[in-house]
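What follows is a single chain, given as structure tokens, in the form predicted on its own.
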Amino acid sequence: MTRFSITFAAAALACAAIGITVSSAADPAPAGDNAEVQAQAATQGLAFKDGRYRDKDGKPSPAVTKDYKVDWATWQGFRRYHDACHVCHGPNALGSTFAPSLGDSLKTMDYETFFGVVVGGRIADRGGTKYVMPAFGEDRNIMCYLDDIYTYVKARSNNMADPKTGMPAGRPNGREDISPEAKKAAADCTG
């Protein structure tokens, strides 16, 4: 077990000890969220492909209604972010004393750069503070859901740039049901 794994496990136990939990995938979606989210995705010009919404360039993109109901990928990204990323990057993607705000980072960082940093890691020195992002390219719990994590953080970033868009801090108010495509992709990836 690596030093990072031990540190992460200790952080997860500490969160559990103070009552921070992640919702289960079996949480029911309130009725009507599919239609609302799908209408919002259409308004944004997003296409549904491979179990998630994508922009005109094929990049994963969040669909968030004005009542903060989200597409399945953003919901799954919220869950996965809080499972693996919030320990360092903060509970609402706002950063911490030792990891930068991902919400701020995605205001200028493109999808490919985000993907590359998560897969390969990165060391950055900013104003005398050294940030070390470990590589997660071998971690199925991250890699199988990386597009979903991206859509969640992008929804947070959008809201930070314009509070009338994206998703504010906290849990989404509802979610779209999982599509057969998303269910199959998760099963195929995780084995």
Ligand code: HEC
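Numbers follow the displayed sequence, beginning with 1. Predicted model, so just to flag it, every value in this text is computed and none were measured.
Another form exists, predicted in complex with this ligand; not displayed. Remarks below refer to it.
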Using heavy atoms and a 4.5 Å cut-off, decide whether 49, 68 and 185 all contact this ligand in the model of the complex. no
Residues in which of 33-41, 49-57, 161-169, 139-147 have heavy atoms within 4.5 Å of this ligand in the model of the complex? 139-147
Considering non-hydrogen atoms and a 4.5 Å limit, does this ligand approach residue 79 in the model of the complex? no
Even though the partner isn't displayed, in the model of the complex is residue 105 close enough to this ligand, meaning a heavy atom within 4.5 Å? yes
Any non-hydrogen atom of residue 84 within 4.5 angstroms of this ligand in the model of the complex: yes
Is residue 109 close to this ligand in the model of the complex, meaning a heavy atom pair under 4.5 Å apart or at it? yes
For the stretch 109-125, I need every residue with any heavy atom inside 4.5 Å of this ligand in the model of the complex, listed N to C. 109, 114, 117, 118, 122, 124
